[in-house]
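Shown below, as structure tokens, is a lone chain in the form predicted alone; questions about how it binds or moves come after it.
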Amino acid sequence: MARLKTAFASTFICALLVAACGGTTTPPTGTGVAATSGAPKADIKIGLATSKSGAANFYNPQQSNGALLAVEQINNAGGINGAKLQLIIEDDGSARDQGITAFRKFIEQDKVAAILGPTLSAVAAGAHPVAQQSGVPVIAISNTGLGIVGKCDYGPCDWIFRASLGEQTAVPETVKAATSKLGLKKVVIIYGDGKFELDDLTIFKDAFKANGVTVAKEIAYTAKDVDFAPFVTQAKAEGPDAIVASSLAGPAGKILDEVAKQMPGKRVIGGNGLNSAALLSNANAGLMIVGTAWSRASTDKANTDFISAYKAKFNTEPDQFAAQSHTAMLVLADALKRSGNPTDKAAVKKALEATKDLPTPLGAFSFTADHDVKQPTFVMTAKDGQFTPFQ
């Protein structure tokens, strides 16, 4: 526990209490239990919707752990002006209806101050409007598809924020790097039938066109498919320079295995679905090229402290999904503190909008005018069980 407190001191305490450290400034309110009087303050409830089950269950352990670590560190440092955070985790099931149910529970039963999640963009398309209509702030922690913030398909979405780098930013950077270093002329895209995969398909096609690369064939699979050999065989027939996997981690692992078997040495370019730690144990993970929001190699102190604390608590390495959920909780805690009243959701929303250059594992964190995260893209591959810069 002492290690957690030490690691956290340079991240949360510096970011929230000392303006000179480069974070968002904090008004001169009480900073902990010692600054309060009378009875203990009621807990501030935060909802986390994450895929404990379903197609996206690969990402849940890291998402839950990242948020839980942040809550523990924040509470150990005195909470939000003396009030403790209480994290309520619900399974969104990787399904739209279950995500909606989880959001309604958070809002109607748990009376949360804000919500993080859900895991998938397709689930967010159903769940986020529930929070929007109720005026509850949401921070998307892994929704990288189209229409999550800014101009949303369901209408106004000004209560929704995103702490996960959108594919419209990450994919073009990935394609640019891969094209330059591999001399790509022709690729084949293998894609799934979910919202994330279909959004990625569109973004990849546009990015390859912008880089002068021909998409020779688009090969679709469904969520029910388990044998990916036929899809890779079709792709091989086109003689591509690389394969593109527009998929979640589960199918991506099968695509990697088949590419390694049928086209040894051929690289597999992917989107955010391939950033999971679940793929690092795959013997063929070194074939991956992927754009990510987080780099383990970053020597920024907020990042190295996060990695150290995460390993100490969970005895495993964090991944991008852990870093994003951890960061989202830090950003939310900062806004809750600056709001002056964590129970005033409009004040919390306004404080979130003012977030600027907050030290986090993702780097100096700010929101754009469209409530999107502003940060660099890291193009990575895998080596020795770790994500490492693609060079």
Partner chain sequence: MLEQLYNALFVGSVYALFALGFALVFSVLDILNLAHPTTFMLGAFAAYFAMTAVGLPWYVAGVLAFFVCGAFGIALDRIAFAPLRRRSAPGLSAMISSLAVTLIVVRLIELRYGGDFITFPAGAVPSLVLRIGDAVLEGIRLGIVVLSIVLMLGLTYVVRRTQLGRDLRALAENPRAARILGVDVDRAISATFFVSSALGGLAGVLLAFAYNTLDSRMGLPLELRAFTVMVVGGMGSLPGAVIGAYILGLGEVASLVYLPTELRDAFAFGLLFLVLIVRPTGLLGHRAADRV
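For clarity, a rigid core is taken as the largest C-alpha set superposing within 1.5 Å between two forms. Quick caveat, the model's predicted, so the values are computed rather than measured. Residue numbers count along the first chain shown, from 1.
Below, we refer to the form predicted together with its partner chain, which is not included among the displayed structures.
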- [ ] Given its partner chain in the predicted bound form, answer whether the residues A220, T233 and K261 all have a heavy atom inside 4.5 Å of it.
- [x] yes
- [ ] Using the partner position in the predicted bound form, report whether A249 sits within 4.5 Å of its partner chain, counting heavy atoms only.
- [x] yes
Open item on the list: Please determine whether K254 contacts its partner chain in the predicted bound form, using a 4.5 Å cut-off between heavy atoms.
Closed with: yes
Open item on the list: Under a 4.5 Å heavy atom criterion, is I307 part of the interface with its partner chain in the predicted bound form?
Closed with: no
Open item on the list: Can you work out whether A229 and its partner chain are in contact in the predicted bound form, taking contact to mean some heavy atom pair no more than 4.5 Å apart?
Closed with: yes
- [ ] Look at the stretches 233 to 241, 71 to 79, 112 to 120, 291 to 299 and give the one with heavy atoms within 4.5 Å of its partner chain in the predicted bound form.
- [x] 233 to 241
Open item on the list: Please identify the residue among D225, E317, E173, D158 with any heavy atom within 4.5 Å of its partner chain in the predicted bound form.
Closed with: D225
Task: Members of 263 to 301 lying within 4.5 angstroms of its partner chain, judged by heavy atom, in the predicted bound form - done: P264, S276, A278, L279, S281
Open item on the list: Does A260 move appreciably between this form and the one not shown, meaning a CA displacement of 2 Å or more on the superposed rigid core?
Closed with: yes
Open item on the list: Once the core is aligned, does K311 move its Cα by at least 2 Å between this form and the one not shown?
Closed with: no
